[in-house]
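The chain below stands alone and is given as structure tokens, in the form predicted on its own.
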């Protein structure tokens, strides 16, 4: 009877498949529940035992994008014509729309701050990583460890000093301040990850380009960057996920102009209290940009994770 140490048996394949499926179900179940709650009515969202089968409605999404108030009994009984479908939906609940909510503004703030800080972290991180990889820098290993050590400290530990510094500089509740802060936090991760990818690129490619008459910048732009694109894309995903989901600094340093979606979504209050369908709808929409960004770069992410794992 032959036995292979590399080819798994059918039993091992079944066990592995069952474990992967079980892990996927456990991981995705909360996500599915959030999405489903966004399509529930307010009574169904707090029903006990929880309702798995329910009549779907877009009430949560309407409540998310509108500000509402109660109607008087006389106003409810008064017929009104030319109502849009969402106004009619709100009126059936005894409410009326008085204006748009601030979710769109908060969501747009997240886009500006998240993608802006990711861009600057990748830009500065790539340049710094290239310098560490290609030039002789005194105490290079010590400097790299110092850069990494800034990532070891929990960000909330320096929240009060940063708050005082931002207040003194006038950066509280500004887009520029949040982009600068998230760039500084993500920079250490970007330098370390991209440095590892650039180290794997043979220096002989650049030397050949320099012999052909390229400048150092041209060799970096035309030779190194295309080969490091996989690592840069992978690093960009991790940087964006941190900046997109960050909560503590957003709560402490923003309140209006530059407030992002994470501290705003939990505070969504309906006419009768916490509006859980609207909260779930906001969380669902908040997931989409990062999910789309990751799907677009998924090939680079998979290649980036395994880059350099096998050496010839």
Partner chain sequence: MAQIRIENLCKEFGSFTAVESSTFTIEDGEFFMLLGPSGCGKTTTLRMMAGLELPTSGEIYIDSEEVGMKRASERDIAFVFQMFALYPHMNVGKNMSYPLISQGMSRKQAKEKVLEVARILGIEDILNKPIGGLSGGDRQRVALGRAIVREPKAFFMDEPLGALDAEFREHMAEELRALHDRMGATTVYVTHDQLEAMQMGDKIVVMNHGVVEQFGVPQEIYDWPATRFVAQFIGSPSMSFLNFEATINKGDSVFDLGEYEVKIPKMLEEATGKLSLGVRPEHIHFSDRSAYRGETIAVEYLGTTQIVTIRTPHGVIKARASSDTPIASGENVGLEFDARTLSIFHEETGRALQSEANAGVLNRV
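If you're wondering where the values come from, they're calculated on a predicted model, not measured in any experiment. Residue numbers count along the first chain shown, from 1.
A second form of this protein, the form predicted together with its partner chain, is not displayed here; the remarks below concern that form.
Which one, 227, 174, 101, 96, lies within 4.5 Å of its partner chain in the predicted complex by heavy atoms?
Of the listed residues, the single hit is 227.
Candidate from 209, 131, 193, 159 lying within 4.5 Å of its partner chain in the predicted complex - any heavy atom
Looking at 209, 131, 193, 159 one by one, just 209 meets the 4.5 Å heavy-atom criterion.
Answer for residue 238 alone: is it within 4.5 Å of its partner chain in the predicted complex, judged on heavy atom distances?
Answer no; every heavy atom of residue 238 is more than 4.5 Å from its partner chain in the predicted complex.
With the cut-off set at 4.5 Å between non-hydrogen atoms, does residue 242 touch its partner chain in the predicted complex?
Residue 242: no, not in contact with its partner chain in the predicted complex.
Proximity of residue 202 to its partner chain in the predicted complex, heavy atoms at 4.5 Å:
Residue-level check for residue 202: yes, a contact with its partner chain.
With the partner left out of view, is residue 214 within 4.5 angstroms of its partner chain in the predicted complex by any non-hydrogen atom?
Yes - in the predicted complex, heavy atoms of residue 214 and its partner chain come within 4.5 Å of each other.
Pick from 218-226, 87-95, 111-119, 161-169: which stretch has a heavy atom within 4.5 Å of its partner chain in the predicted complex?
After filtering at 4.5 Å, what remains is 218-226.
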